[in-house]
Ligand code: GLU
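Form predicted alone, single chain, as structure tokens, below.
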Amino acid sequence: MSGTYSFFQGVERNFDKASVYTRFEKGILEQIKACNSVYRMKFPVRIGDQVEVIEAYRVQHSHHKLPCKGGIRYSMDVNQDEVMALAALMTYKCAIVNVPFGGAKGGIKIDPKRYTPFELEKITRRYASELVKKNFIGAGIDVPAPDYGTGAREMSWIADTFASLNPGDINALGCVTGKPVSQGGVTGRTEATGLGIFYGVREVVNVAEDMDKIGLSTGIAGKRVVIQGLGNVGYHAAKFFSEAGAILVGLAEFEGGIFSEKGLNLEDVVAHRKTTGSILGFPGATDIRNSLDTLELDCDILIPAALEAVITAENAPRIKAKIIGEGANGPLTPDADIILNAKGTIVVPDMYLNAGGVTVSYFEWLKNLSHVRFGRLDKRFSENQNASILQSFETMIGKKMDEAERKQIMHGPDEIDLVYSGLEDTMIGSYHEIRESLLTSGADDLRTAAFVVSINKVGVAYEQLGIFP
């Protein structure tokens, strides 16, 4: 990644390109684009027998809707530009999938691998207390979530710290999402982003008219897929694509990539990596020493699900995939976009495609505010209704259905069924909204069309707030 590339400026460049297809005046567009609040902090934490000064951020990009929403990442690459860019993308992402939040993002500039769990807990709790001090966290203010380098464990520490500093707040658990299920989390949150990527790409390849243009048949089955990144997002995306009949021909991690024309068994690759510490040397696969070269493999669908700016003007001409689904935030630079769009590649933008995480986070937040798990009120009612209908049907046809069919028909929805259903509906509806924008707005690619959809929704919200006398 070039040292001169500004992720935030890249986001602004995409925004500016799309804004010409909207009706809003310059002032409103400038307000939508601006980061409303940037909190940069430094705080001391005792690590071993030394005091370390930790650098951290929380950016609230937009207050057109509250609370603000966005993950917290732990990485040595964390800087203000990156956090601002990710916060801006969260605003547009939430608008696209009709989740009523403003965008935010947080980051702590540490390498989490260097610290023990106890030390990470001290850093996380101190960060949470700094956010509480400045009123930068709360169920109605700003709701963080996991991101690169964090997970359910860190979110539970944040929730506990917030609750201890706000005794009597019955909605304290709603201050953060991505928590363990035992602490107010929602079933399905772990795989949500990867599943959302699958639902989104599946919808793209189901549009026959668009597939004809790039010479592909409809449907996931038989499509050759390459995935970069075997973290939470990449792993689950690979899992759902494989289960749907796609052929996983390539996988990449930081140590390199592997390729097999016949297809890779995901679980076997994961087991191999656990044993050897690397995906390289996987039996029956060809090693690719430079991880980035994996992106250039011949395939139908490419999912970069690891880092930003991995496809640039330099390697974009060599990308062979016909569909690129942005699993990570900002894996393509604006210059790469131009090259790939000219080639006719369908680029499914991050701000739509990886919105599964925030969508299911929204469900978790609703669960925390309602204090009841999904399915509790209607599961038995549905099962009793289904049993009654089934009994009438069996009486009518004069024979019993087999046990497996009976179970399938009688099954009432559990929390995970409702979460998956809500996510699937969101990804399908949002894609067709973007595609409609592409066909009617004058935008010439899906990313610009997605920005148009977002700008229109956020712009209308600002107008309705009446803050422009």
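Since the model is a prediction, treat every value here as computed from it, not as a measurement. Position 1 is the first residue in the sequence shown; the rest follow in order.
From this point on, the text means the form predicted in complex with the named molecule, which you will not see here.
* residue 119 near the named molecule in the predicted bound form, any heavy atom under 4.5 Å? -> Heavy-atom contact with the named molecule at 4.5 Å: absent for residue 119.
* **Contact test in the predicted bound form: residue 179 vs the named molecule, heavy atoms, 4.5 Å** => Taking the distances in the predicted bound form, the answer for residue 179 is no, it never comes within 4.5 Å of the named molecule.
* Partner contact for residue 90 in the predicted bound form: the named molecule, 4.5 angstroms, heavy atom -> Although the named molecule is absent here, residue 90 would touch it in the predicted bound form, with heavy atoms inside 4.5 Å.
* To do: May I ask you to state whether residue 316 is within 4.5 Å of the named molecule in the predicted bound form, using heavy atom distances?
  => Result no; residue 316 lies far from the named molecule in the predicted bound form.
* Please determine, with the chain shown alone, which of 393-401, 213-221, 124-132, 69-77 has non-hydrogen atoms within 4.5 Å of the named molecule in the predicted bound form. => Contact criterion met by 69-77 only.
* Asked: Which residue among 357, 250, 234, 331 has a heavy atom within 4.5 angstroms of the named molecule in the predicted bound form?
  -> None of the other options qualify; the answer is 357.
* To do: Would you kindly say which of 296, 308, 147, 82 lies with a heavy atom within 4.5 Å of the named molecule in the predicted bound form?
  => For this set of options, the contacting one is 147.
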